[in-house]
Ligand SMILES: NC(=O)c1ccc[n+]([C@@H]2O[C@H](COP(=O)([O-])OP(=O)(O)OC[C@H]3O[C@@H](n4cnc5c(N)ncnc54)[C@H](O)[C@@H]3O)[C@@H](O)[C@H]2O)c1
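Below, in structure tokens: the form predicted alone, a single chain.
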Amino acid sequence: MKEPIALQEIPRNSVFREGDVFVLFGELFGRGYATGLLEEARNAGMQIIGITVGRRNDDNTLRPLNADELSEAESRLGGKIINIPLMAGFDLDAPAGHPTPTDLLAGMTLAGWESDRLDWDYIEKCRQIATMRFTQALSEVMAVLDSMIGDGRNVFFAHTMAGGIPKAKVFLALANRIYKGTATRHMSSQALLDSDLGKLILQNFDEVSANTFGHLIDFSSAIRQRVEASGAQVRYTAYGYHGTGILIDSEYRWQTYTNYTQGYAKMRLESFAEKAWKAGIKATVYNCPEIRTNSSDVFTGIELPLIPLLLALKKEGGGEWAEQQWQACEALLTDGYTLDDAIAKIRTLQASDVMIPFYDFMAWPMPNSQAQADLTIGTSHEITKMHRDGKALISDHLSALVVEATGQLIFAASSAPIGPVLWLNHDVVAKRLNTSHARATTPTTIRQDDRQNTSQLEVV
């Protein structure tokens, strides 16, 4: 992509109705973008069908959900789950009796990880085993799904798979330095990517976040052809992140969190949508604004672009409801601080000479720098300290609003999608929220979801 293509007008659903089928291709865990899209499918009266990644036994074998797990997962989803494990990624796969890639990482230490080397021929064997396991299970899932979808019913496939970080102690220590470290604790993200450890992580990100979208489109072809032959329609969506247009100096400008290591996989995800689109398949990656999720919380500072959404709400004619959001957010700050104080800190960050090089869309995703990390992470800490309660943040309130708006926008826009890759910037998010809440008379109440350590299906 040479420039971000933004959704500019508020779309309307003209396809999906009661009795149609919504397939969530990714298990639902806690908070995340998918909850907003699911809410729209429920509101439309669609049948909800989901999948599971399964669970690992103590000996690392993959199994379906047991009765209690399945009941809990279906209650959370609000629909039927096809209980065939679809765990993506190759970090825990290996030839029988041999070490997994994660096992190989166990011996890496902070002292030697940069020089440690991996056997890439062996890693490729593990990747092939994992791909075969995943695609065989996917064939079984599609056979079951085919029997659940009658002719004449429109189908909405929502891909939500993302992540793929191997559970290696050395990476957890490095991540704290790369994404949270300042001053002497700062570490270059490029140093990670240049190492064998980093290359392995990037490959696994591709498998989980991107290649699964390609597999979904390919392995659902028989369902798609049958449904379309009956006169109904099929859509595919996926959640991307490729920076967001937010208000900077009273103009909507593209910006991004740095370093977003998964960015390479997100661009690969976009390429699958572009390939499908050229083949006449309506598949769209929606690049969504930054929010706080269970998985994105590792990236200190990723929440900062959320706060200017308050400015967009007013700019896009939010009126009384927008003012209520300002009041609700300001009430989260401790005595002596105002929203203007928080916004001033973000404006200072945005205008800094340190940040200007990172506004280059074509250079994305750029590696971090010492000065950039110190400024971004430092500003995040300063604004967090302005709150009354470190567990009740402005960014939580605004994240819930973004989830609501993106769910509405993606669901409706997918009726008549206009391209394979679209950006949902703060302007259209604000317009959608203002339109939805035009008659609101009380502040939005945001429920704080329990934060749990979730698997690879959290969307970032």
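From a predicted model like this one, the values you see are computed outputs, not experimental measurements. Residue indices: 1-based, along the sequence shown.
Below: the form predicted in complex with the ligand, not depicted.
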item	value
In the predicted complex, the residue from 318, 365, 308, 163 that sits within 4.5 Å of the ligand by heavy atoms	163
Contacting member of 283, 88, 313, 201, with respect to the ligand in the predicted complex [4.5 Å, heavy atom]	88
Residue stretch of 369-377, 101-109, 234-242, 174-182 approaching the ligand in the predicted complex, non-hydrogen atom distance within 4.5 Å	234-242
Interface membership of residue 293, the ligand in the predicted complex, 4.5 Å heavy atom rule	yes
Interface membership of residue 127, the ligand in the predicted complex, 4.5 Å heavy atom rule	no
The ligand contact at residue 266 in the predicted complex, heavy atom, 4.5 Å	yes
4.5 Å heavy atom contact, residue 32 to the ligand in the predicted complex	yes
Contacts with the ligand in the predicted complex, stretch 1-30 (heavy atom within 4.5 Å)	26, 27, 29
